[in-house]
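Below you'll find only one chain, the form predicted on its own, shown as structure tokens.
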Amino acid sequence: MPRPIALGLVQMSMTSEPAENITKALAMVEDAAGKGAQIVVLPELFQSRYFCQRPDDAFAFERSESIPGPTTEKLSELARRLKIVLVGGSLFENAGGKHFNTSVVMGPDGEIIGTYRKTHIPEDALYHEQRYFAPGDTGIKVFDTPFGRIAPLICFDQWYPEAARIAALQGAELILYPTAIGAVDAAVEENITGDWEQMWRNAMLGHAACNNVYVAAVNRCGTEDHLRFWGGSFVANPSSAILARTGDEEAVLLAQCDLDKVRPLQDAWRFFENRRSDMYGALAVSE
């Protein structure tokens, strides 16, 4: 029997005022729910502009908060009122003085189903996240919700097939990637990285195909200092076909996902059963 769920992605731009961003995010979540979305996902670090462009933004730490905390209270209240599963993108979490990039999953009853702390933390030009976040210590998490088994991963986790595979092996039917990624410089993209947006999308489409799960990425949009966030949020099915995709403007994206297609496709391809775990020891060796 089909098991359809409606997935909503909130692609938004951010200002320098957290209160404005949170108000906008809540309004866009409500819009998505009003269009029928049962699971709604916000972008990474949606409370603020992407402060990690600078390696030394001390003011950012003043805006970090605990979980539960003021922002999760607002998300909880909205999820309860709308009777949805709300994935709060990610927040700058202060856990007793240690800081993480953390995704929070709220249930339709307003309770926190669980949290996931970003595993892979980048450190390169304009993405100085290692100056702000400790590596996540939760491990890859899969959460049972009334609308399916979901795994929130966060942005840079997108580039690691290991994270997606672990999530799928733990029973995830839908992998979600709240994201903050954009183009740095046209010359760099042309001469070094190639089409960065296409590479970004292709990596996640590969996770959908190789694990036979639904994959969704929700990015921010707009220009912030030296970064142009390209948006491009999308949802792909377990065969890696794109079901829905946005452009580079603010948008609420909806897609219908039949989660009962996941297991039959996994059984047909048998990627998990045919793994050679005895040959993968090199994956756990640090350089």
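This structure is a prediction, so every number in the text was calculated from the model and none was measured. Start at 1 with the first residue shown and count on from there.
The same protein also has a form predicted together with a further copy of the same chain, omitted here; what follows describes it.
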query	finding
Contact segment among 146-154, 89-97, 164-172, 70-78, judged by heavy atoms lying within 4.5 Å of a further copy of the same chain in the predicted complex	164-172
Leu205 within 4.5 Å of a further copy of the same chain in the predicted complex, heavy atoms	yes
a further copy of the same chain contact in the predicted complex: Ile121, any heavy atom under 4.5 Å	yes
a further copy of the same chain contact in the predicted complex: Asn212, any heavy atom under 4.5 Å	yes
Heavy atom of Ala241 within 4.5 Å of a further copy of the same chain in the predicted complex	yes
